[in-house]
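Quick setup: the structure tokens below cover two forms of a single protein chain, split into structure 1 and structure 2.
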Structure 1
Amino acid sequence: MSAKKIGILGGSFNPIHKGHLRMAKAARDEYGLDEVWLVPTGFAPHKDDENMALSYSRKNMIELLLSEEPDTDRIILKDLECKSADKNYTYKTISYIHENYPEDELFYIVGEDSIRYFHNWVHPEIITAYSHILVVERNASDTAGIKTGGISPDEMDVRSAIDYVKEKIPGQYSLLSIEPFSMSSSDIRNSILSGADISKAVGEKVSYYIKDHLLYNRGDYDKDLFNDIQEKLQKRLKNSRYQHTLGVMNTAGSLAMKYDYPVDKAMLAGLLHDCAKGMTEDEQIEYCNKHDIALTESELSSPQLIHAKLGSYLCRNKYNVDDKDICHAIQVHTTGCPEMNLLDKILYIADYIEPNRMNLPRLFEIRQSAFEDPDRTLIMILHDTVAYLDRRNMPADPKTKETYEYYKKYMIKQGKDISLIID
């Protein structure tokens, strides 16, 4: 294999944004690089940890942005640092790449803000020994808050700063000739908190991913609230229903761990999902009439559906969990709905696979699938539910049918073969 030119763009990518790709493309095109590797950090104890998304999600977002941005040939996610529990020093990563790709020529791509502090990094001389440093200029406002010991833009412009650093840490340094741009992950995280649209900066897919997983905007729940609700439900539900509830709560929590959703929130949705089952079906209908909760024809003729809608109402009004995501997930937990969000899917699936469920067809396969591909799992469950209703001459609710059709189309659109899981 002939020697390659490899660009390396390290960072926390928390989250990745289009500016990162601009840097990668500029380096690739100006230096004729064969590949540019995006290398996300693993744990970064020096960063504000609370805002650091799991490397699982940071990697997913890199793949999502690469999949929808034009002109990303030869720009790839390289997962080198995520596996380490230690601090990821750049010199270690560069040494590792050098040792494993000794023939290749390495280019380390950094923003101006980093180069202004580079001489204070740990072993910068190892980085320059093995790689050519490519610097991307930033706007003055983005480099103003430089750490003590760094070179502020008031002191020197970027070229002089590079010369100064080169004097201290000899090596090859070049300034890439792209226009400076203002885009930073921390600004994006702040925009999320203020509810602003971030899709311009990160693309539609990453923007959706962040919303779906509630990244950078996670509340937490009082543990007393859990105990309080558990006590109430234990009194109000039959024992078998209460055991099912605990099973759904814990399964929803496990799925949340797997897919990087806030675990406590998923558990709370699981805990409350069947709260309306403390009433008989007649009582449920009466309660709905009294509180102006409109029921559909389908719900009136199949009253076992009502507890989802009523449960959502009770969640907000009786259990004081006024959380739109949890209420929505409870509302749709029996029939599903098109475009379910991640919590909707977690609850829908957990309800079906929790440990007390038994004697369902292909339950083992559905349980395995739940931890591999939520959308495929939805289809399996919807298929089996429709078949079950059919066998018993029960009508499927229009929402159930709509959801099933929606996800079949959705999977096919994604090029996923579902022919072996449905008939």
Structure 2
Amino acid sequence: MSAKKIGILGGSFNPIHKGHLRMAKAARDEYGLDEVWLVPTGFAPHKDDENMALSYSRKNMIELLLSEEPDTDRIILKDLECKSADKNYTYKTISYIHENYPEDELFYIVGEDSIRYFHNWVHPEIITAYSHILVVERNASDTAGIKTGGISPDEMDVRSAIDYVKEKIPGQYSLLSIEPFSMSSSDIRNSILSGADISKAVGEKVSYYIKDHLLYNRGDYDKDLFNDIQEKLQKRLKNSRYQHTLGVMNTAGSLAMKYDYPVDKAMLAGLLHDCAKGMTEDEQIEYCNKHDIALTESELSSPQLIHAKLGSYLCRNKYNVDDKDICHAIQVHTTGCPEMNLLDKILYIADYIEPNRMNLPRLFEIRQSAFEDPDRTLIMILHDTVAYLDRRNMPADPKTKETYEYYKKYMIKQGKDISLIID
């Protein structure tokens, strides 16, 4: 196999944005690189982990932006650092790539801000020994050439900063000019907190992913709230229902860990999902009538469904959890709905697979699938629910059928074969 020219763009990508792809494309095109690797860090030695999304989500966002942006040929996600428990120093990554691809020519892409203090990195001499440093010049008009004597690197223009660093750490350095990008990852995180639209900076798919997973804007629930609600539910629910509730709560928390969703929020949804089950079905109907909670004909004919809508109401008005995501997840946890968000899926699945459930068709396979692909799991549960009702000549709620048809079409549109899971 002939040697390749490989560009390496590392970073936290927290989150990735279109400026990162500009850097990768410019390096690829200007230096004729065969590939540019995007290498997200796992444990960055110089980053505050408080606002760092899990590597699981940062990798997913990279894949989503690559799938949406044009002209990303030969720009590749490489998961070299994310699974390491050690601090991810660049010299280790470059050394690993050199050892495993000794015939290839490496180009390490670094931003203008970073090069100014490159000489203070851990073992920069190893990085320059194994790679050609491409320095991204964020503003191509910056060519003043300020002298370095007595001036700190952050006061120099980029060309002078390179000369300054090169004296300390010899190597091959080249400039790479790109059109300036107005937002950094930290700017994007701040914009999320202020409620601003970030889709132009990160693309529609990444923007939706951040919103769906509540990245960078997670909030927190007080442990006293959990304890208070648990005490109330234990008094109001039958013991078997209460044990089911705890099972759903803990399963929802486990799924949230898997899919990088706020664990406390998912567990609170699980804790409250059956809060209306302390009433009989007649009491639920009476309560809904008294509080102007409109019931559909389907709900009146199948009153076992009412607790979901009523539970959403009680969540806000009796248990003081006025969280639109939790309330919505509770409302749809029995029937599902088209375009379910991540918490909707987590609660719907957790309610089906929690450890106290027994004797359900292919339960082991569904439990395994739940931690691999939530959409496939939804299809399996919906299919088995509709088939169960059909076998017993029981009417399925129209929303359940609508949700089933929606996700069948959605999975097919995603190019996934569902024939084996719905036969």
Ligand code: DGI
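Residue numbering: structure 1 sequence, from 1. Between two forms, the rigid core is defined as the largest C-alpha subset superposing within 1.5 Å. This one's a predicted model, so the numbers in the text were calculated from it and none came from an experiment.
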| property | result |
| --- | --- |
| Form selected (criterion: the form predicted on its own) | 2 |
| Distance moved by the N393 C-alpha between structure 1 and structure 2 (core-aligned, Å) | 2.4 |
